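A single chain, nothing else alongside it, follows as structure tokens in the form predicted alone.
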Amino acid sequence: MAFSIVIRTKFLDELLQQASASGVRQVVLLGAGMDSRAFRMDWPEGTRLFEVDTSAPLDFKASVLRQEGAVAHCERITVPVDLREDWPGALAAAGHDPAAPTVWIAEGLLIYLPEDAVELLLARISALSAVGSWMGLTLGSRGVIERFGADAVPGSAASMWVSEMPDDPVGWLAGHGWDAAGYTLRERAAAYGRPIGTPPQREERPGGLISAVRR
């Protein structure tokens, strides 16, 4: 699992770089947690990065950042709100402009949400996304809950996993107005020169790592 986090991090870093190169200057990290991209990545001038999460992780993170004297490489705006509440309203109040393209990141998030909440989240993202917006998602692959979830590893973070990716994630996103491409962890690992040596235990469907552009 640690290896998968390394691969997905690089995948989403590259997506953010591509979106920035295309001219996008708004970034929204949903369920931002301890994400440090505002500090460790180089951002074009004028970039505004919104970190959306509940107050507890954002407050803890702020204390660590103060202790380390960390300096963001862009305009960083924290938005303390629960994603089950009116986060679009909170994001708007923080200065997000839905008329300008945005790059959205939901990393390690959707697997914790039931399917109806995932649909609502995507609908809200789509409603706030101008043409030319980008999105990066990580989705739980089919069978991952069975292998690593509550029954397999009681008490772990995986015990809170509740949703896996749809059968056709690219088609699913197309229905919401996004041109998407899906990749397996194995594909991206090989592309980054870190191939997974062991053969897959079952057929891998594309879509665990998603990049998408708003039509």
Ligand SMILES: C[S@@+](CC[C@H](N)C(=O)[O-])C[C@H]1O[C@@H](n2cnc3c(N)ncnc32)[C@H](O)[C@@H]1O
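All residue numbers refer to positions in the sequence shown, first residue = 1. Remember, predicted model here, so these are calculated numbers, not experimental data.
Below, we refer to the form predicted in complex with this ligand, which is not included among the displayed structures.
- Exactly one listed residue, out of 81, 74, 77, 128, brings a non-hydrogen atom to within 4.5 Å of this ligand in the predicted complex: 81.
- Among the residues 27, 32, 173, 38, the one placing a heavy atom within 4.5 Å of this ligand in the predicted complex is 32.
- Looking at residue 8, you'd find a heavy atom of it within 4.5 angstroms of this ligand in the predicted complex.
- The shortest heavy atom separation between residue 53 and this ligand in the predicted complex is within 4.5 Å.
- Among heavy atoms of residue 108, some come within 4.5 Å of this ligand in the predicted complex.
- For this ligand in the predicted complex, the listed stretch (66-74, 174-182, 40-48, 53-61) containing residues with heavy atoms inside 4.5 Å is 53-61.
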